[in-house]
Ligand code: BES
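Quick heads-up: it's one chain on its own, the form predicted on its own, in structure tokens.
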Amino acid sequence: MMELRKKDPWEFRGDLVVCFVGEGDRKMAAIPGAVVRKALGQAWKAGDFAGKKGETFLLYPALLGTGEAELPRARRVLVVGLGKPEEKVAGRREQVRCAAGTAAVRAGALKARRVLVVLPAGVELAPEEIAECTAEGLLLANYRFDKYKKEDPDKQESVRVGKFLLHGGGLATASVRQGMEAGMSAAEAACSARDMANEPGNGWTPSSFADHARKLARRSGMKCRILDRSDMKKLGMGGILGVSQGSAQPPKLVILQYRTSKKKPTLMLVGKGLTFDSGGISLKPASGMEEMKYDMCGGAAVLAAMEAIGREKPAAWNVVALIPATENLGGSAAMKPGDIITHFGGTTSEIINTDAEGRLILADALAYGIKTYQPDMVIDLATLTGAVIIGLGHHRTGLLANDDTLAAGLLEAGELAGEPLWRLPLGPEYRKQLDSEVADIKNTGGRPAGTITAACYLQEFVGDVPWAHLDIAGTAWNFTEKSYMPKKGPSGIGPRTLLHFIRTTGAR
């Protein structure tokens, strides 16, 4: 879907060549060819193009009426504005990513099948970062989910670009290749997470997580283990068992292990895999309930990250992933408010609200995973609370952690990935809201600080291990609109942040 091209971009005979220009860059040094620069200069003088963010200028070389030797061979040339230079590295990365996304969207609208993209070499970033962010923006914006739709050419307003080619624009080839491969890997992981989340509840079940993990393990050489209901009963996983009681779908605890060396630290990833959440007996409102097929986006993010880890094979980490997967429905055997369950390890929990189910399945996975695999640090991702949307909207993921170093690493990784996080506090004053008169803990602490008390619940099961919780309920779908993000539906958030964390933390 993407490859590197070294030949003169003007010799490319495909559907479209894309170049980038910054706002105020009247010299247009990044545009290879005086003829095109002259035509663009006329548009600049006329006020039709100034290199602003999101601006595009489309040129048909055949209409220029100049000597054939000077003209680009492609059917079209698209110039995309980068906007004003950003001060911070993360901002410049996002600038490139968004411009590449704009190019891919415009290419799809033009029904271009083969597109050559000249990298914006003038941006103040390392060559590998420019290539990485360009690749990410192109592939993420090129994403489509049309598995269940009939093809109708008459209604097709946009198509998926079949192949992108990157031209270094004067940047070092080895660095460009390295960055392109990193960007491709991260974008493919995010798109894989989107695919899982886009599946309907009857198309992606707990067993689907298990099947996908088994195939991934065979393909990548990882170890895969699936715990079923009988295993959970023996282990005393009352959280997963309780949530699954109302569903005909059997619960699964999916475990994947990537191992390098016993001397290397182990990172444990845990993702909430609620493949459909009706709220159980504490039923959700009917309006918008169809979106609860997205309640497995944390599990999708972790599984997609493991796909990328299997490709990249990081040498600095061992990684173990756990995905507790089930449905939460209100069947005749469903868990009821007032019930008491016993988690793995013996902690009892009073169920106040059956719609606060994500923390119940995560608690079992966290406690079991920490005891079994003894990780050096733990990160969990979950669409856990509506409260995080009230607090942060759809623009930042909520981060809560018991370790400052881990939290700082994730904050940086999120900024670099264009998936910003915001840290919220933890503390005993919040934990008091979870005190129960009849059990060790209760599963909700009321409306005040709902995101924080949900994290406090999870904190009960991690002990002293460095741990971070990412509440992606506000960003897993309907995330901040960007050129490379869908206006509606799942964003595929999480895998790229995790990959940045693994790549950069392992390199220190």
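Computed from a prediction, not measured in an experiment: that's the story for all the values here. Don't overthink the numbering: it's just position in the shown sequence, from 1.
There is another form of this protein, the form predicted together with the ligand, and it is not shown here; the text below is about that form.
For the three residues M292, N353 and I389, a heavy atom within 4.5 Å of the ligand turns up in the predicted bound form in every case.
This chain is displayed without the ligand, yet in the predicted bound form the stretch 380-388 from 211-219, 380-388, 115-123, 396-404 comes within 4.5 Å of it by heavy atoms. In the predicted bound form, no heavy atom of R106 sits within 4.5 Å of the ligand. Interface residue remark: R225 is not counted as part of the site for the ligand in the predicted bound form, having no heavy atom within 4.5 Å. Contact annotation for K272: at least one heavy atom lies within 4.5 Å of the ligand in the predicted bound form. Proximity of N478 to the ligand in the predicted bound form: non-hydrogen atoms within 4.5 Å are absent; the residue sits far from the partner. Only one of C456, L40, A468, A473 comes within 4.5 Å of the ligand in the predicted bound form through a heavy atom, and that residue is A473. Checked against the ligand in the predicted bound form, the residues R359, R93, R194, H343 give one hit for a heavy atom within 4.5 Å, which is R359.
Residues of 270-285 placing a heavy atom within 4.5 Å of the ligand in the predicted bound form, in sequence order: K272, D277, K284.
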